[in-house]
Every structure is written in structure tokens, then in C-alpha cells.
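One chain comes next, on its own, written out as C-alpha cells in the form predicted on its own.
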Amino acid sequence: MIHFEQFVLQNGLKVIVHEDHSTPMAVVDVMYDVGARDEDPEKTGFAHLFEHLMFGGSVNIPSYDEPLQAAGGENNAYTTNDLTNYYCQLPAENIETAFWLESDRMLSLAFGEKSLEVQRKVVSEEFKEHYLNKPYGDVWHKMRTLAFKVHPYKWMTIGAELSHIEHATLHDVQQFFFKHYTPVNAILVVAGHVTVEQVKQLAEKWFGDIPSGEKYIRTLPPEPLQRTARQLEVHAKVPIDAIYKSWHIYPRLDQRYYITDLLSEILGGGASSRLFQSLVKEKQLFSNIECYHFGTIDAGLLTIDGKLVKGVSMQDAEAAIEAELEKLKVSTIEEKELQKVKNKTESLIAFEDMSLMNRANSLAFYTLLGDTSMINNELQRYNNVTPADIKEDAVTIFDPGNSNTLYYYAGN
């Protein structure tokens, strides 16, 4: 059981406190309710660009890293299609340094042509290195546009096109910041060797006077039900052929999410999974194969991706995958096999909860979902899944009309 207390400042900032006096450290985690799905389709990549800009200094503090490092701290951030998260860890006795830094860049981030130009170049180089020039680097650009026709999950966090970042103006950037980076759209989690009273005092002191901003109301177009299979062939300079198959699944708050999560583990969660045992070890059709999903808040994708053994045809590889899926659709799995992946899930949750940083991040995420207490009942939701649920889920998800397939051929 992870204990926490929460309160809301007058400006709308949600604050969650998790006391853990077994450590001398403290974590300050600020999660903003903005991700790539909230971007203008003609101006994508801004949420990720901001992850970089937020470390460029504020009006009052030229460098974010220097004072934090002087206080013995370290920090990082990440952006997804759903959210943006900034977090730092430092000795609890220096925690006010983190409050000072985080509140200052929320209130008065430095906007200038110079800092924008620097970060624009950094992100552009990242785009080229990881997505344009890397083998298989464009897979998810292609798969997203194949699978999503309406919902903004159709572009990646890095952006739909390099030109969107290259042409980002200071005005565009300022508008995005003032729309999303406000107390009413943020969650502050403080965890570690702190007290609730101490956090209340510091939160009020450093964040209380920041104007609340307007609550961002998300109105995204839902992706229509896919009824016809989609395929795309790609020929590129890559070492070996690969196949990627994706199917639409459920939103994060749908109970079926937990069924699908376990289903992905049964199929492709490591060396003991069905796909690996059958198609890598026994039939030797693939050098590696995985099944996974990204846990997106809105309805996302479950994906199987595999690298083919040289000489194996794409048709044989795909037929072998389909045969494994058919087994799940026609026969109920044994309780023993399901329990094995439940045990693995329980171990993963327990391992994650050992880290103070992970606990803080999870508290922020569940608060964003609307129910902080989910951190303590997720395991029960997994344990409620039955073999019959897995079979029903497989039939629904692996409907041929719901599939998106990328055939990635090695060649010029």
C-alpha cells in the first residue's frame, strides 16, 4: 500500500504528497496535461520541443541544471502523445531548490529567438538521427498514419514532419506554452523524506501566486471503428526483412485494458512467450519477435513486430503469426499459463514501486487519469482477469478487419 495525501491550491494546482522517511532523498515531479495529441496537425512536435525548451532557463534563472546540481540533484523529463513530465531528485534538506526552479519556469520561462533556435536544431538533429537515418526508424511514422486516420495519435511525439519544428516561430511557441503550462493543467507530486505540512507551506510559497490559467478542455476526434484490413509495403536499406502488425485496442481506463495487457504478455512478453517459443525457437522463422502496446490514455494499438530469419518468406512469417493468434481465439488458455503472466506483472509492479522516482511518477499519472488511488488497486484489476476474458479479447482484437500490417523489405 502506497500512502499519499493530496490537496489543491487556489490556482488549481493539484499537489500529492507521499512521505517516505526511509530515505534521505526527495523527488519533485511536475506532470503537465499536454502531449503530442494536443497539437495542431500543421504544427506538430511542439510538446516535445517544450521538453527541451524548459531546460533552457527562465527569466530569473539562466541555467536550470547548475543550481540543481549544486544542491546535489539530478533531473530529467519525457514527453508522450498524452503528457509531459519533469522530475528531479535531490537530498530532502535541499528540496526548496527544486520548488524554486520548477515554479520559476512554470511562471516565467525565458522565451527568445536564440534559445528557440538552439533547441530547434537539437530536436531537428534528433529527428534525423533516430527517425530518418536509422534502420527501421520510420516504422512508427508509417504505422501510425496507416492505423489512425482521424485521431492525433496518427503522428509521433517527435512530430509528423521535420519541417513543423524547423518552421516553428516564437509566436507559435509562446501560444502553446501559455495555453498548457499553467497550474490548472499541472500536477505536482512530492515524495520522500518530507512532511505534508512542509510541502503545503512550500507549494503555497512557490506556486500559490502563479496565475491559474484556463483549464484545457480536450475535444479530440475519436478514431472510427476500423473494419477493413490495411497493408503497406516498404523497401529500404535495412539488414533483414521485418513485419509489423497492429490492431486497435482500448483506452487506458477501460477494464479491457488489463485483459489486453496480459494478452500481450502471453503472446510476446519475453523468451517464454508463445510467439517466441513457437516462431523463434521451434520453427526458426524469426530471429526475434515481440508483442507490446504503449499504454496510451486514448484507444491505442497492440503490436506484434518481428525480424525474419534470412530466406523466410513474408507470407510464411505472417501465416505463422496468424496461426498463433487463431489458437488464442479458438481455445481457452489454461489457468496456469495466465497465472504465470499475472505473477510476472505483480513482480514488475513491485519492482517499480521500490523506486521513489517511479512512485512519484505513478502518483502523478494516476492523478492525471482522475483517480490517484489506482496506484493501490491496479494489481487487483489484473487478478480479476479470467481465461475466458483472454479468449474473448483475442477474438475481438484480432479481427482481420482491425489489422494494420507493415511489410518491411530489405533492399534499395
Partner chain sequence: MVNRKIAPVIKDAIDYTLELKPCQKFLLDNNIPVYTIDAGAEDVIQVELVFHAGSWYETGNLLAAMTNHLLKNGTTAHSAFAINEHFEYYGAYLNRNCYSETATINLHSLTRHLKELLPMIREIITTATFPQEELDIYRQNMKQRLEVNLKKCDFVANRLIDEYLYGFDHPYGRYSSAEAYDALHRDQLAGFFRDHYVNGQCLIFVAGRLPVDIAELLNKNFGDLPLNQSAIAEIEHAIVPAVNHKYRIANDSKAVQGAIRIASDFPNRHHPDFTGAQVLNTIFGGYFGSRLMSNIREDKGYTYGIHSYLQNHVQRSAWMISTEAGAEVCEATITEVYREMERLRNEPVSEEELLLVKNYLIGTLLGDLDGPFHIIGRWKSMILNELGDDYFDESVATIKSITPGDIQSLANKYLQPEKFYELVVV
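Residue numbers count along the first chain shown, from 1. Everything numeric here is computed off the predicted structure, so don't read it as measured data.
Below: the form predicted in complex with its partner chain, not depicted.
Taking the partner from elsewhere, N377 is found to have every heavy atom lying beyond 4.5 Å of its partner chain in the predicted complex. Its partner chain is not drawn, but in the predicted complex it has no heavy atom within 4.5 Å of W155.
Taking the partner from the other structure, its partner chain in the predicted complex has no heavy atom within 4.5 Å of any heavy atom of V330. At the 4.5 Å threshold, heavy atoms of G269 reach its partner chain in the predicted complex. Among D316, E126, D254, E113, the residue placing a heavy atom within 4.5 Å of its partner chain in the predicted complex is E126. The candidate stretches are 317 to 325, 175 to 183, 126 to 134, 297 to 305, and the one lying within 4.5 Å of its partner chain in the predicted complex by heavy atoms is 126 to 134.
Annotated contacts: A71, P91 and S273 all touch its partner chain in the predicted complex [non-hydrogen atom within 4.5 angstroms]. Taking its partner chain as positioned in the predicted complex, the only residue of 221 to 238 that brings a heavy atom within 4.5 Å of it is K237.
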